[in-house]
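What follows is one chain in structure tokens, specifically the form predicted alone.
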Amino acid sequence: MADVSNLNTDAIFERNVPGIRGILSEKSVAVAGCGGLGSNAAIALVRAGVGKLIIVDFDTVEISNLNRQYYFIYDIGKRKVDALSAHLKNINPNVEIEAHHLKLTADRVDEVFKEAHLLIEAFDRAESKAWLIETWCIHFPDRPCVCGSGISGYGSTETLRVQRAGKLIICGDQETDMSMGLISARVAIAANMQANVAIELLVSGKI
């Protein structure tokens, strides 16, 4: 393994779009769910230079996760928030990670996410997505919520889109359900759409 003790971590971002690193380094993003959407979106956000992530998940890594989530064989059995935190730190050692290994409930949303400038919603189940979005909008009406909806199947890349309704932004095809199965490329596209929208919002100066 290379010696990174004297590594100039600023050089990680030398190919960034000029002017955004300083802005993103001061921002905090909440990621609710560290599965296919959440883990891949978190990786993209750290690579972009976001200064802090608040990640929440109650699950552990299983072998079936490896087809689409940002984990590896050696992560199996670990708590997702711990494994993902390690991967994020391996990209940028200076990123601040606030990891919560818990099953998020509506009564804890304001407490856990109070410092976040925006939310990446990355839950699996429709009913969980619904209460999280509703609760976030109640507690933080001026902060964006970037959601994922409709990521199943393969191909049909042109059906993946971004729809905006005020502070609510939805990425995906908004039609397919989990019964179609999940493929890494399509999940990662939607996750990176979420991250890209988040970066746009954070840099805009409006939040």
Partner chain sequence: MILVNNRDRVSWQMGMTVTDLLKKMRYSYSLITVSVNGEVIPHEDFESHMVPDEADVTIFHLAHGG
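Numbering follows the first chain given and starts at 1. Here the structure is a predicted model, which means the values were calculated and not measured.
The form predicted in complex with the partner chain is left out here; the points below concern that form.
Trainee: Counting non-hydrogen atoms within 4.5 angstroms of the partner chain in the model of the complex, say which of Leu53, Val61, Ala48, Ile151 makes the cut.
Mentor: Exactly one residue meets the criterion: Ile151.
Trainee: Between the options Ala99, Ile133, Leu104, Val95, which residue brings a heavy atom to within 4.5 Å of the partner chain in the model of the complex?
Mentor: Flagged contact: Ile133.
Trainee: Indicate whether the partner chain has at least one heavy atom within 4.5 Å of a heavy atom of Leu66 in the model of the complex.
Mentor: No, Leu66 sits far enough from the partner chain in the model of the complex that none of its heavy atoms falls within 4.5 Å.
Trainee: I'd like to know whether Asp177 contacts the partner chain in the model of the complex, with contact meaning heavy atoms within 4.5 angstroms.
Mentor: Judged by the heavy-atom cut-off of 4.5 Å, Asp177 is in contact with the partner chain in the model of the complex.
Trainee: Given that the partner chain is not shown alongside this chain, does Leu168 nevertheless sit within 4.5 Å of it in the model of the complex, heavy atom to heavy atom?
Mentor: Answer yes; at least one heavy atom of Leu168 falls within 4.5 Å of the partner chain in the model of the complex.
Trainee: Heavy atoms within 4.5 Å of the partner chain in the model of the complex: does Lys129 have any?
Mentor: It does: once the partner chain is placed as it appears in the model of the complex, Lys129 has a heavy atom within 4.5 Å of it.
Trainee: Going by heavy atoms within 4.5 Å, which of 133 to 141, 85 to 93, 110 to 118, 70 to 78 lines up against the partner chain in the model of the complex?
Mentor: Selected range: 133 to 141.
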